[in-house]
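One chain follows as structure tokens, the form predicted alone.
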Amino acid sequence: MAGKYDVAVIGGGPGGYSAAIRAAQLGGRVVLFEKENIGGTCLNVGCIPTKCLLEKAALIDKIRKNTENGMLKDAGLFSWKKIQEQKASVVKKLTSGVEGILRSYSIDTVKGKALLREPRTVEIEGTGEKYEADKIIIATGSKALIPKIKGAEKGNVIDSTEALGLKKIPISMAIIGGGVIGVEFASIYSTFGTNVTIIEMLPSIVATEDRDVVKGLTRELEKRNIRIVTGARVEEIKEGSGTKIVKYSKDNTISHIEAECVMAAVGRAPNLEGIDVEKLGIEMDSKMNIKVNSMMETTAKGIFAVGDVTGGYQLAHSAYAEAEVAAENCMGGKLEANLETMPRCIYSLPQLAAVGLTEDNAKEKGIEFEKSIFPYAANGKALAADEPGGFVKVICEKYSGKLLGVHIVGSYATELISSATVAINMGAAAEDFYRMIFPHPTLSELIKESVLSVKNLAIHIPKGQRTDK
């Protein structure tokens, strides 16, 4: 036996490394297994590198806008090679930083593929080394799905990891799937000059979000010359003359587009490699996600699971929250994860962010509500930054004024959503914002004014012009 531990964590992504750190903070002897790179998908080929590219795309977009209106001269050229190098530098800095934190807590990190076939024992494939632990946390994450479409074999279709590392910018790109990943990559490559088409099977892109903000995002993406085809099913992908031909059906009609590059962005599946769920007695749901209770326990005694492998939101910040609960409970706690008020962020151009109930959610629950839509164009900082496009939509309970949902499409939406998250978590009502002081000029004022607009108390919008349609 290579060692005995209080907690063994399988997977070094956000859920895994945060669980390991929290268990160590609580006095546990911890071992962490990672077969590739610490940081998992998020730090290496997901959240962080994608945002590096999106930040550069947003910067180039602003430079071009100011060049077109004459304020800048001969600006807007860029080096794709340098952008990729900066992305790699950021990833390296963050992953090495996490490795340093793990060392500071004396967490043993084992590089290799972990095999979990029996309770309390983790084996390393190839070496046969075995590690014993009182509690085990599975945080093996997820992997990109390649759709079951004729011709969608590897080499013919790329996934998000491959899209991050393209050596040159394609002339054209077809993206299958209009969810979070699809619209973010559409924003990236359209800004860098690629003709992008999104093909989505559902009636709208990012279909789980509020209809109004989805419509707003769709309009803005189309202004950026991103073609969006919804209600369409891809039937076949085949080789053309230097391009890929994507055939799709819509309204009983077969159409096609040609693109230099085809990317699949149809979601992710749990990564169960090395985990013998049947032998361990771990129950799965219909999508082969590991079932857990609110304490992040699986149906196998002493085994917990967190992050993408459990399905759910598949967000790094969700994995952090789940991991901290699992680690606390591994060390004798009795915590439950509260994931009801989960902020949801899409780093497209423009951004979309939301927390709480959508309008449809409120209707389904039979809640009487009031709503308002407050435009970015009524905010001084948005105008000063030349970012007037966008709005904040607020949903409040009708009689109590309790804040139920906040939905934003526009610049820095993903930063603004945090204050709304705090307010909803605290059970704040619209009138609670009445005496709050927000700094001026800031985009954060949009949150206060949008909430007050529900009660027709916003200052910077004319009387009777509350936009609630």
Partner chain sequence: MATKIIMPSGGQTTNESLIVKWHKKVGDEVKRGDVLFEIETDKAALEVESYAEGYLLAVKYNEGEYVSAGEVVAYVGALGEKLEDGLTGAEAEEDEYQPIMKKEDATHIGKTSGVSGPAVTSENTSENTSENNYPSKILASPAARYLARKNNISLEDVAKNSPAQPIKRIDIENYIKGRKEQPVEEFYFIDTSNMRRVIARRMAESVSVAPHFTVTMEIDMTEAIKLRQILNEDLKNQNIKVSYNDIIMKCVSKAIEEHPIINSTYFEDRIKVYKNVNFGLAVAIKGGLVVPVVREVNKKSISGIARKNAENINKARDGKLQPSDMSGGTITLSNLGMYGVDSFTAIINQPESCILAAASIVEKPVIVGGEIVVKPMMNITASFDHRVIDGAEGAAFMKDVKKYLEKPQLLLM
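Positions refer to the first chain, counted from 1. What you see is a predicted model, and the numbers here were worked out from it, not measured in a lab.
Beyond what is shown, the protein has a form predicted together with its partner chain; the following relates to that form.
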Using heavy atoms only and a 4.5 Å cut-off, decide whether all three of S79, N225 and N252 touch its partner chain in the predicted bound form. yes
Heavy atom within 4.5 Å of its partner chain in the predicted bound form, from candidates N289, Q314, T298, T197, belongs to T197
Considering I367, M284, A88, I171, which brings a non-hydrogen atom within 4.5 Å of its partner chain in the predicted bound form? I171
Hey, in the predicted bound form, is M342 touching its partner chain, heavy atoms inside 4.5 Å? no
Is the gap between N338 and its partner chain in the predicted bound form 4.5 Å or less for some heavy atom pair? no
Is the gap between R29 and its partner chain in the predicted bound form 4.5 Å or less for some heavy atom pair? no
Contact test in the predicted bound form: K238 vs its partner chain, heavy atoms, 4.5 Å: yes
Per-stretch contact check against its partner chain in the predicted bound form, the hit in 90-98, 186-194, 204-212, 322-330 (non-hydrogen atom, 4.5 angstroms): 186-194
With its partner chain taken in the predicted bound form, which residues across 55-74 come within 4.5 angstroms through any non-hydrogen atom? I60, I63, R64, T67, E68
